[in-house]
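Next up: just one chain, as structure tokens, the form predicted alone.
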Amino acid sequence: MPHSHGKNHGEDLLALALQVAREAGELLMKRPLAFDISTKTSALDFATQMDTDSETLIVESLLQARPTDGIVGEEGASRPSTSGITWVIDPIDGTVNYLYALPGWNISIGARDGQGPLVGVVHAPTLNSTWTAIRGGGAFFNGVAIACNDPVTLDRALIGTGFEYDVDKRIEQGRVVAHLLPLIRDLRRMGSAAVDLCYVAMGAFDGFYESGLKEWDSAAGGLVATEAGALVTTNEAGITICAGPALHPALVEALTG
């Protein structure tokens, strides 16, 4: 396929990301229905192996199609770009959900150029949900255009969040939740930052916040949310905050206070 510039270029990249995400989804759906509790260790080994296998499949497929692109991956895949395009991938976002056979785990594939995020795909097979975005081209859920909820007031806001594995950080996150909970409609914790961002994009959540997110957590979902009209920022404390324009400043203030 000849290389093109502008929107067509983005569409080519998105088509590739979508194809690769679906292939990884098929691979990851081939898991036992449930693990015996006594075999949790081997279950963890299995989840880790599937994480690695998914990243390998994604990286090999992307580089086969575009050998000069760069890669940033959660499981360690890393190579510089000579094309100007770098792929940012999370082979299983929501690994604990995957381990426990909970829905919502997904494959997150984003691509960025010199101007920032360019395309994003979040593919969640267990939810029959695929979110996509091209910079400047809007956001889509299973091919249908989506937009975030706006305006929403803080006291009516349904907010998604997630927690870090580090116990010390969880103590501080507990304080934040205790402060926030009386101020909002309710809180949800689904287990996947990428889907949480996409839920804000489509109005299933009014807002989302989480501390300590890495680039591969938010590369695709953040673009989907932005293209759906949401604001995505990270404050000095390292908390990423995503919400519609009216709610965003109030949520920022509530999380800073």
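Note that the structure is a prediction, hence the values are computed from the model and not measured. The first residue of the sequence shown is number 1, and the count goes up from there.
The protein also exists as the form predicted in complex with a small molecule; that form is not presented, and the subsequent description refers to it.
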Only one of 183-191, 109-117, 146-154, 122-130 sits within 4.5 Å of the small molecule in the predicted complex by heavy atom distance, namely 183-191
V232: touches the small molecule in the predicted complex, heavy atom cutoff 4.5 angstroms: no
Quick one: is Y100 in contact with the small molecule in the predicted complex, heavy atoms, 4.5 Å cut-off? no
Heavy atom of I159 within 4.5 Å of the small molecule in the predicted complex: no
Check L213 for me: does it contact the small molecule in the predicted complex (non-hydrogen atoms, 4.5 angstroms)? yes
